[in-house]
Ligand code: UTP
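As a starting point, one isolated chain is supplied in structure tokens, in the form predicted on its own.
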């Protein structure tokens, strides 16, 4: 995109001020700004005055495939999963757009070293978990890695330098997540630098629209991929594309499978699989009423007792019906650092504008059916969100050691 094209694009939406410092920019900075304008979806700005679409429907429990059933049907589920994997019908998608800021790092989160006596990186653990299934089934699984604008180059460089931790390079495809701009309460774009519009990734439901924008929906069709296992970078213990989960989802003939764990306590801060107006959904922990926390299922167990771990197996054929324009756009008030008209940096003490996100719970809610699939927390859930304490590097290390991982 050249300057005239970019200027027209921004003029058409009343955002010409993004070029206020154009005369001060170097050629490299100008090129970076033009590239950002070309690749950013500014249509969300029209939602700034509407507020967040957060009205919820009527919740009801959703039956979970529990460990007792999984164990009883293990061979059947395993065989069905292996069959799908060997036929090349299953792919994996790593959501790796985050940075390690909360861990005290300026690098992509996957580059963080969690080793004790030797280097052990988050990316290394994730890929090792997928390699377990590759070795188990004798089949290489297509691995998509979704990065962000801020960490793409560093992520690709790091994995290449480490020879992709043993994964076949020709089986890995990198693509960037779409970015959503940030604006003030009137819809005016913020500039975080003279050559950069303030923007952030467009939420954890942005993976499919980002794949389509990168042309990867054609790859899915060409390679006959029918299922995509999407998963977050921060859970270093999760199993990816494991045959029993794949088999259970395929045999249940549902739109999506969702890995869940039993809640550690009724008020644990995790989203819970449920039905909402008769369709699959996720109720956030802060939306659970006391009545829902105390509700029981037919077996006398808590009815809303299974938290999601952001590991979902989506049926590809139904993704085209999950349209961006039908998903609620979550307009979130945030403290957004910016530069003022004179180029001075401003760090607000209070929320001063909007960021825009689409969430995977809304994506799931557009689908017709879901199989929540119980996994054992101590074997598959070691999220790294903090440096210390709950869901931290410390807690993840302990769980990895209990599972025989050498750190």
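Just so we're on the same page, rigid core means the largest C-alpha set that superposes within 1.5 Å between forms. Numbering follows the first chain given and starts at 1. Bear in mind the structure is a predicted one, so any value in this text is a computation, not a measurement.
Not on display, but discussed next: the form predicted together with this ligand.
Considering this ligand in the model of the complex, which of 109, 315, 330, 239 comes within 4.5 Å of it through any heavy atom?
After the contact test, the surviving option is 109.
Counting non-hydrogen atoms within 4.5 angstroms of this ligand in the model of the complex, say which of 305, 129, 204, 210 makes the cut.
Exactly one residue meets the criterion: 204.
In terms of non-hydrogen atoms within 4.5 angstroms, which of the given stretches 282-290, 240-248, 225-233, 153-161 touches this ligand in the model of the complex?
Heavy atoms within 4.5 Å of this ligand in the model of the complex occur in 225-233.
Using a 4.5 Å heavy atom cut-off, state whether residue 397 contacts this ligand in the model of the complex.
It does not: once this ligand is placed as it appears in the model of the complex, residue 397 has no heavy atom within 4.5 Å of it.
Are any of the heavy atoms in residue 102 no more than 4.5 Å from a heavy atom of this ligand in the model of the complex?
Result yes; residue 102 sits at the interface with this ligand in the model of the complex.
Quick one: is residue 81 in contact with this ligand in the model of the complex, heavy atoms, 4.5 Å cut-off?
Close contact is absent here: in the model of the complex, residue 81 is far from this ligand, nothing within 4.5 Å, heavy atoms only.
With a cut-off of 4.5 Å between heavy atoms, is residue 146 one of the residues that contacts this ligand in the model of the complex?
Yes.
Along 328-351, which positions have a non-hydrogen atom within 4.5 Å of this ligand in the model of the complex?
The stretch 328-351, when checked against this ligand in the model of the complex, contributes only 334 at the 4.5 Å heavy-atom cut-off.
Could you check, with the core superposed, whether the Cα atom of residue 355 shifts 2 Å or more between the shown form and the other one?
The answer is yes, as the C-alpha of residue 355 shifts between the shown form and the other one by 2 Å or more after core alignment.
When the two forms are laid on each other by their rigid core, does residue 118 show a Cα shift of 2 Å or more between the shown form and the other one?
After core superposition, the C-alpha of residue 118 moves less than 2 Å between the shown form and the other one.
Please determine whether the C-alpha atom of residue 160 is displaced by 2 Å or more between the shown form and the other one following superposition on the rigid core.
Shift at residue 160: below 2 Å after core fit.
Between residue 118 and residue 100, does the Cα distance in the model of the complex come out closer or farther than in this form, changing by 3 Å or more?
Result: farther.
Would you mind telling me if residue 117 and residue 100 are closer or farther apart in the model of the complex than in the shown form, C-alpha to C-alpha, with a 3 Å or larger change?
Farther: residue 117 and residue 100 separate by 3 Å or more in the model of the complex.
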